[in-house]
Structure formats: C-alpha cells, structure tokens
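So this first bit is one chain, no partners, the form predicted alone, shown in structure tokens.
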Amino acid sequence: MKRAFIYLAILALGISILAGCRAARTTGAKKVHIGIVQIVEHPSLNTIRESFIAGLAELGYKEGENIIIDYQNAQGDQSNLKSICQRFVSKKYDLIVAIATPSAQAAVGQTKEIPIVFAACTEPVGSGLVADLQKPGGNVTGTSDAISAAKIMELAERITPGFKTVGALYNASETNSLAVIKELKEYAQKRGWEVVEATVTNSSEVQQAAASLVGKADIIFSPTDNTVASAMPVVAQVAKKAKIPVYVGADSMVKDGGLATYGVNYEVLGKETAKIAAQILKGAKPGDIPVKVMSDLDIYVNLETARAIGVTIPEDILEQAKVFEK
C-alpha cells in the first residue's frame, strides 16, 4: 500500500512538472511587437487605428496576448515622426504601421528591412512609398484612401448648383493633398470655374486661411488633408458664419462641420489594413501584396451644417447618404 502511494505521488509530480513546462512555453512565447505611428490626432485617423486594432483581434492577433502595440502620435511635427520611426527601428519591432502619408514617408526613410504597412495614403506611388500598386516591391504595402475631386465636385453641383469659384484649402507640403488639388484644377478648368488657393503649413494657420476665402469663393474644398482635418471645427465655424458650403475629402471632416463628401469609410479601411498586416505576420512579403485601393465610397452629409448655411439637401441624395446630425 505504501509503495503504491509513493508511485502515485511520483506520477502526480511528473504530470505537474510537465504541465508547468507546457505553461512556461505558452506564457514565454514571443509576442509580436507592432509600432503604430500617426501624424496627428483627428477622427478619421483615430478611426483607422481603432478599427485596425479591432481587425487584428478578429484575425487572432490580440493586444496583450500575442501582440504588443506601441502607439505614438507625432502631434503634427515632422521631426517627431522621424524620431518615432527611428525608435521603432532601433527596437527592431516586427512590424511598423504608418497612418497617413507623412507617417509612411517617415517610416520608409528609416528602414528597408522591417515590414511597413501604411494606411490612408492617397497617392502611394506619387508619394514615393511603392513602385507600383499591384507589385509594391521592397518592404512596404498598405491601403489607399484615394478620393476623386471630380466626384466630390459633381456632388457639390447637385447640392449647391451655380457656383463659379472654388476655394482650395490645404497644406501644400502634403503630397496626398497636392495630387487631389491637381485633379480639382483640371476638372475646374473643364467646367470654366476659377480655383482660389489658401495654403497652410500647420493647424494654427487654418482659421486665417479659411477666412481669407470668404468673399472670394462660392464654395470651399479641402481634400483628405491631415492639417486641415485636425482643425476642421474651426473651418466649419468660419464657413457657417459666412454661409459658405464646405466640401471635404473625409467622413470625419463632414462630422466636424463640413457640408458633404463622397469618400471612404475609414472603419472599413482600418479593417482592410489589418488583413494586410495579418498576411505579413503569417510570413507573406510586403512587396508581394498589392496595395488595397478602397472602392466602396459613400456620400456623407451634415444636416446641422446644411441648416446653418441655408442649404437643402436633395431627397435623392439623402436617400443614399450617411447623415451626421447633432
């Protein structure tokens, strides 16, 4: 009896040790380190980040379990972007996720080895991020939030017909904005419109730039410009006082007071970015993954803004639009 007891005790100890070893291997498994860099805080970019993290979790990559996320916001400062990306590289993170074009350009400038996935880069080729949308090459790929200035102007004609002068409000140092403004000018020339420009270099200049268009422009247009988007409530305030419609490039800019846009759903874009990241974490090479250009675009309108400036949104537009209303 005693011998049997000793045998059972030894067996139990062995099982306990094996279980402990297995648990140690599980808890000691290497977590994937992901650095997320964002140029500035504004609703569209925040939505991308949040939906990206949620999308990763849906795909089995959960923060605190098998991935560690280091999120850094550059506060609109280019030197901060560079420092953040340098730190990610020095720590040899497994993946860098760069939200918006300036973030992606900073990341690409710091490493040719660590995989980079960009999100919401309007002109990935023109910005020097990839060689080709279908075959990016190198260590970079991601998602594009390319919008059509022509499509947004067509929407503007349906909502507020008869305008002849378009005020273009943007940061001239953002390559994504330059590409859209170029398209705007080409389309305006065909329509016989005049484009009056007001450019900024930082968010503190946005209010004055918007005010400079009052009396010069029948409508204002701002692309998916990070500088303007971060100060969109200020633009809305100026425009409402002057009763000027503001057409924009992003849904968040409509939510923050713009009148309307025809653009990207950034929650969907964040999820698509997560899918690309998951492919890379499973071993795919970034350069072999085509850039995802968002094709599902929606109309967004702000009814509170419409009322404030005395504009009635046509019923056929309301029927298909996503509406913001306080």
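Everything quoted here is computed from the prediction, not taken from an experiment. All residue numbers are counted from 1 along the displayed sequence.
Below, we turn to the form predicted in complex with tryptophan (TRP), even though it does not appear here.
Using a 4.5 Å cutoff between non-hydrogen atoms, S44 counts as a contact of tryptophan (TRP) in the predicted bound form.
At the 4.5 Å threshold, heavy atoms of I34 stay clear of tryptophan (TRP) in the predicted bound form, well away from it. Contact check for A260: every heavy atom lies farther than 4.5 Å from tryptophan (TRP) in the predicted bound form. Although the partner is absent here, A229 is a contact residue: one of its heavy atoms lies within 4.5 angstroms of tryptophan (TRP) in the predicted bound form. Residues placing heavy atoms within 4.5 Å of tryptophan (TRP) in the predicted bound form fall in a single listed stretch, namely 250 to 258, out of 234 to 242, 190 to 198, 250 to 258, 205 to 213. Contact check at 4.5 Å (heavy atoms) against tryptophan (TRP) in the predicted bound form: none of V108, N139 and I280 pass.
This chain is drawn without tryptophan (TRP); in the predicted bound form, the residue among I220, I84, A100, V130 with a heavy atom within 4.5 Å of it is A100.
Residue I48 is the sole member of 48 to 87 found to place a heavy atom within 4.5 Å of tryptophan (TRP) in the predicted bound form.
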